[in-house]
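There is one chain below, alone, in structure tokens, taken in the form predicted alone.
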Amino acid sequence: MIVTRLPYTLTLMGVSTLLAILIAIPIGVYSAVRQYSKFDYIMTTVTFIGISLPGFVFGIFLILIFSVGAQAAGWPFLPSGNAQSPRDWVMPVLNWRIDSGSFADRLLHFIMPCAVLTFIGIAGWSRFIRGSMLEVLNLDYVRTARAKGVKEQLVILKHALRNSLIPFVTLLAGVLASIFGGAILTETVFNYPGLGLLLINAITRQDYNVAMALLFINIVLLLIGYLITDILYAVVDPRIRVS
């Protein structure tokens, strides 16, 4: 059961986590460098919404707008749930025939749950990076580098960013477990057949063997994640050496 659900969760969590990291780091760095700018205020508002809004609520909003509302208006829409359609269907307006189980069909089902997890990840991680960068930018060695005439881009990327990533590495400890465990509420809202939905179904059906197996694997992966985090400290911080 775990093996059959694993590819869905690995794809969903892997893509959303990668997108969130790649987008959150530049946003957090730019917001810190341009503190109190219009961009910073906009991103602060957006990230506060992402942090405060539960993932399942955001998922329901997307379903109401891009699935139910768009379909009722006769516009192109996104499927509201599952990983693929039970039968072939046609996209309105575009007259695009989509075969059940095709790459296009799976991609359209994948977009909304991936968007929810990516947005939540960006909101949390970009704020963390911003706060960490602000602390580093005010340190003496950064001011010294600027006083020596080092280009601002090199000061930010070489001196400030690398040291600001040290606290961020701590957050990566739980990524391995979260990628395996999936987003329970998001997969439940979209009925996405991953491990998160499997865990919910196992608990509601009192299938404790499946639930305990999933939780046990999550714990093992979390411990491995902490080990990897300790090793990564030596990569981002030259003062730390792995003995």
Partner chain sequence: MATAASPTVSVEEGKREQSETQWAIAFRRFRRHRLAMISLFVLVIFYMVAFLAPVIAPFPRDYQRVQDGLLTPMSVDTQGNVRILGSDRIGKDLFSLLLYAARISLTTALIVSLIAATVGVVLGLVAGFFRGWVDTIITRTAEFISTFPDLPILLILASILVRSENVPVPGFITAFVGVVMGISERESRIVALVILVLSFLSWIGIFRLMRGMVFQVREQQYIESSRALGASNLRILAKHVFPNALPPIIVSFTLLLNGALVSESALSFLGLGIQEPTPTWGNMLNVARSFMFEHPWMPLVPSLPLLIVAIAINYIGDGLRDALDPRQRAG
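Positions refer to the first chain, counted from 1. Throughout, rigid core stands for the largest set of C-alpha atoms superposing within 1.5 Å between the two forms. Since we're looking at a predicted model, the values are computed, not measured.
Separately, the form predicted in complex with the partner chain exists; it is not shown, and the next lines address it.
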| item | value |
| --- | --- |
| 4.5 Å heavy atom contact, Phe56 and the partner chain in the model of the complex | yes |
| In the model of the complex, Leu18 touching the partner chain (heavy atom, 4.5 Å) | no |
| Gly181, heavy atom within 4.5 angstroms of the partner chain in the model of the complex | yes |
| Residue contact check: Gln71 to the partner chain in the model of the complex, 4.5 Å heavy atom | yes |
| Non-hydrogen atom within 4.5 angstroms of the partner chain in the model of the complex for each of Thr45, Thr188 and Leu215 | yes |
| Sequence-ordered list of residues in 90-127 near the partner chain in the model of the complex, where near means a heavy atom within 4.5 Å | Arg127 |
| Displaced residue check between this form and the one not shown: Ile21, CA, 2 Å or over, core reference | no |
